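Just the one chain here, the form predicted alone, laid out as structure tokens.
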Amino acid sequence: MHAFLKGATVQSTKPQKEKATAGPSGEKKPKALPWVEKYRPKCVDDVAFQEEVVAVLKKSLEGADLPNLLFYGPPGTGKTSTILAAARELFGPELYRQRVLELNASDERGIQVVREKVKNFAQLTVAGSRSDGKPCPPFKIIILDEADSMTAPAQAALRRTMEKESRTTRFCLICNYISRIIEPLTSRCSKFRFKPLANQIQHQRLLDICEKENLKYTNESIEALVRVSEGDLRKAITYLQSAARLNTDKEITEKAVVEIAGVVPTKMIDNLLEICFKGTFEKLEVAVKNIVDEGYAATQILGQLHEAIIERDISDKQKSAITEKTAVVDKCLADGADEYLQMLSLCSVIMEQAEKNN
């Protein structure tokens, strides 16, 4: 009875599945993917702006052995994309799933997982060749993404496995902050720093995507994307897709990009600073309340205020007092303090420093 039911469910779901993927003419529709995944580099050569890493990996792909790797640098610079592209080229599409274990920060990666899951995968020996006849390396790859969020005991448990299983397994640790990786692990890996992407490189990638997706855009909108993403290509591509969905038929404008990114309009920041330097405390209270009530993130306001203060024509002593307060407010906001009170606290320090100028 159970077997019959099991078979029946398989039969009933199959036509539905085909119906979902088949178009009106019977052809299968391409899967809808986020553009970040759709335009992720498929091979090492496609990785932008990270020449040293690409050079080392290309040598490994030519037959030289691969060391344990440690990739670190800001988000959205291609760390995960690079190792995934290299693994696909090394093992081919068929063996890729068997030979690569990828664990992210969202997975459980405490000491127990390192001792069991990682250790068991590392101990497996690999055999078999690629169907296309290309040579296949005799090792597996374990990718530990966001490795800086692993606990110190879990990292310590990893170092012995790294050494013991070096014949059959290579590790690739990926993190934003190398200082959070324990010294014994960093000394066992070849370290590569991923630089924030140059504006020109980002500009080119975004233009390529616009061309492939047949988007209408202005040069100002592409420049705005590069500016608000601050070297993070993933963020820039996500904003571009959001802007394209928002203006389906119309041109993507700079205004749309700025709104999607949640950037506070320069006019608002200038107005707030003007009140700090020349207004009264009552006016300041109202201005801060308005800007917070508009729904802008306090951290975003903080960043833009900081930039504006650095460019302002005041003494270095005043700038240092304001930036010190900015750091304190940033920490308080990270700890969950009230946004309005923190912004008011910072603006009152700016006002206090401005009075010394008069």
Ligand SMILES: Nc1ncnc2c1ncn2[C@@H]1O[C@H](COP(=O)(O)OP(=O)(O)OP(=O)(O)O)[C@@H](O)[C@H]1O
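Note that residue numbering follows the sequence shown and begins at 1. Since we're looking at a predicted model, the values are computed, not measured.
Although not depicted, the form predicted together with the ligand is the subject of the following passage.
Just to confirm, residue 237 within 4.5 Å of the ligand in the model of the complex by heavy atoms?
Taking the distances in the model of the complex, the answer for residue 237 is yes, it comes within 4.5 Å of the ligand.
Find out whether any non-hydrogen atom of residue 115 is located within 4.5 angstroms of the ligand in the model of the complex, and reply yes or no.
No, residue 115 is distant from the partner.
Taking the ligand as it sits in the model of the complex, is residue 292 in contact with it (heavy atom to heavy atom, 4.5 Å or less)?
Result no; residue 292 lies far from the ligand in the model of the complex.
Heavy atoms within 4.5 Å of the ligand in the model of the complex: does residue 36 have any?
Residue 36: contacts the ligand in the model of the complex.
Partner-proximal stretch of 255 to 263, 164 to 172, 229 to 237, 210 to 218 relative to the ligand in the model of the complex, 4.5 angstroms, heavy atom
Among the candidates, contact is made by 229 to 237.
Work out which of 307, 52, 324, 46 lies within 4.5 Å of the ligand in the model of the complex, going by heavy atoms.
None of the other options qualify; the answer is 46.
The unique member of 143, 197, 287, 86 whose heavy atoms fall within 4.5 Å of the ligand in the model of the complex:
Looking at the other structure, the residue within range turns out to be 197.
Pull the contact list for 71 to 85: residues with a heavy atom within 4.5 Å of the ligand in the model of the complex, in sequence order.
Counting only heavy atoms within 4.5 Å of the ligand in the model of the complex, the contacting residues of 71 to 85 are 74, 75, 76, 77, 78, 79, 80, 81.
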